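Okay, so here's just one chain, in structure tokens, the form predicted alone.
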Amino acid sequence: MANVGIVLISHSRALAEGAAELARQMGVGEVSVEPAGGTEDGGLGTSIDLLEAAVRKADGGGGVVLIADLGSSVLTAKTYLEDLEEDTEVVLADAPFVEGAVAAASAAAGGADVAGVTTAAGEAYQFRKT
């Protein structure tokens, strides 16, 4: 069974790449975690073209879970999903960015399907720090 891929959408390329690096560690090399951060020219913002490319790269046949950071990242993800014409199952998780990415990668590495990975990402809201 193919693992679920994960795409991290952020306004910052550095933030997306850093979170992806951390999540890949939790995916023990078994999960594709791709960043889609910033704009094409490296500035702050979001890009539906970068998101589309990251989804293609993350898709290993098991579906793809999107995790977004702030406002327009969520809007970019929703716009992408509305226009999605591919057969791949792609969903947007309601999850905290870093904690959700780590939880999602761990679940995907354990063989969870898209629904299971999405649930694991969302459950990261319950990780208390105090």
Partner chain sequence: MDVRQWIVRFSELVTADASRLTRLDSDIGDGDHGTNLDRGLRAAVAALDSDLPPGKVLMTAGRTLVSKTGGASGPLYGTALRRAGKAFGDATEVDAAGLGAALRAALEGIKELGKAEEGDKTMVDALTPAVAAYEGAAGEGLAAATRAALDGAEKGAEATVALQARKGRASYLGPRSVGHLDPGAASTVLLFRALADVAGRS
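Numbering follows the first chain given and starts at 1. As the structure is a computational prediction, the values presented were derived from the model and not from experiment.
Missing here is the form predicted in complex with its partner chain; even so, the following discussion is about that form.
When contacts are judged by a 4.5 Å heavy atom cut-off, T46 counts as touching its partner chain in the model of the complex. For the chain shown alone, D83 is a contact residue for its partner chain in the model of the complex, at least one non-hydrogen atom being within 4.5 angstroms.
Taking non-hydrogen atoms only, A53 never approaches its partner chain to within 4.5 angstroms in the model of the complex.
Within this chain, E40 lines the site of its partner chain in the model of the complex, having a heavy atom no more than 4.5 Å away.
Note on the interface: of 99-107, 28-36, 56-64, 69-77, the segment with non-hydrogen atoms within 4.5 angstroms of its partner chain in the model of the complex is 69-77.
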